[in-house]
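Before any questions on how it binds or moves, here is one chain, the form predicted alone, in structure tokens.
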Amino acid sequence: MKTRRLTTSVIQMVTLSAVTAVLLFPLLLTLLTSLKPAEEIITTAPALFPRHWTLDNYRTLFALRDFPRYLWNSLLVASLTAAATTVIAAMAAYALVWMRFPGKRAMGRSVFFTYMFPDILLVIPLFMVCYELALLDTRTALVLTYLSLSLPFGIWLLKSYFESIPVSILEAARLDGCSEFQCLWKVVLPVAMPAVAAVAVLTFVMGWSEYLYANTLITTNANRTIAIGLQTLAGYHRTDYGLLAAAGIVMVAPVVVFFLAVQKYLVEGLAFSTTKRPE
């Protein structure tokens, strides 16, 4: 029996290691390409590892006038989207779980209604709304658009986690004189930190890397995000692949760092929500 378990564990580890290696290989190849000089990238006999390691591609990238602006726009939009989604979703989930109001059950079950429509179908309506509100080519338009897309998921995930919190904790807080907002802020959110972290991370990643709506709603170079700015590095007649690889690594790096910082909470929050009991 022990031999069988050991064999099963070894097979699982080898399989997971192989899958991980396959998934990480494109990222590794991009990183190594970004550290190569141009003559080692465009060659008849390319090598996996650079013969001469260099950071010239990164120096050239940050020397570009517009690239730091793309980074700032993406960071601002993604951070505001993550913060707004987390705060609003927490309040909405709290109301759906512990407050009474007409239409509560129907509202809770219709959270995912917006996901019935493919993203491409919403581009024109959102474009027209932003045009009528004079929000075209603004970072505000991106934040509001991303908020409308990420909020249903945030409400669902936090609602799933909030339902596991014993109501006796809230009743004790109310007896101590806490308002509903204080119950949420001082009692519920500290306990639900894994789910809160999951919502913040996934929303940040979506806002950081989203392309379709950013390419539609943003029309000038000053407000472009990094996802749109990367395409400006590809020329019509020649593409600097080293520069493009460096930009790709710079785009991925903040997401990886953010994920690693809250990995424990993220995994716990997602694991709990996917095993939620049915209503």
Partner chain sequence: MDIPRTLRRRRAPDLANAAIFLGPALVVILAVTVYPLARSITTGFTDRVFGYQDYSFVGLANFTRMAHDPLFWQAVCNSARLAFFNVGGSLLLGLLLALLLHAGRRYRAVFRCLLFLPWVLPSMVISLMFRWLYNDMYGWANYILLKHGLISSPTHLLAAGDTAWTGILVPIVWCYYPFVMLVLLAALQSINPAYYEAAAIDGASRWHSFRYITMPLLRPVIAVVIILETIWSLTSFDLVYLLTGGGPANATLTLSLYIYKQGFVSKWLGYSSALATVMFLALLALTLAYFWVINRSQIYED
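Numbering follows the first chain given and starts at 1. Everything numeric here is computed off the predicted structure, so don't read it as measured data. Rigid core: the largest C-alpha set superposing within 1.5 Å between the two forms.
Quick note: we don't show the form predicted in complex with the partner chain, though the next part is all about it.
The partner chain is not shown here, but in the predicted bound form it comes within 4.5 Å of a heavy atom of I124. Proximity of P68 to the partner chain in the predicted bound form falls outside the 4.5 Å heavy atom cutoff.
Among heavy atoms of L151, some come within 4.5 Å of the partner chain in the predicted bound form. For the chain shown alone, Y241 is a contact residue for the partner chain in the predicted bound form, at least one non-hydrogen atom being within 4.5 angstroms. If you take 62-78 and check each residue for a heavy atom within 4.5 Å of the partner chain in the predicted bound form, you get nothing at all. Positional change of F181 between this form and the one not shown stays under 2 Å at the C-alpha, relative to the superposed core. Relative to the superposed core, S110 undergoes a C-alpha shift smaller than 2 Å between this form and the one not shown.
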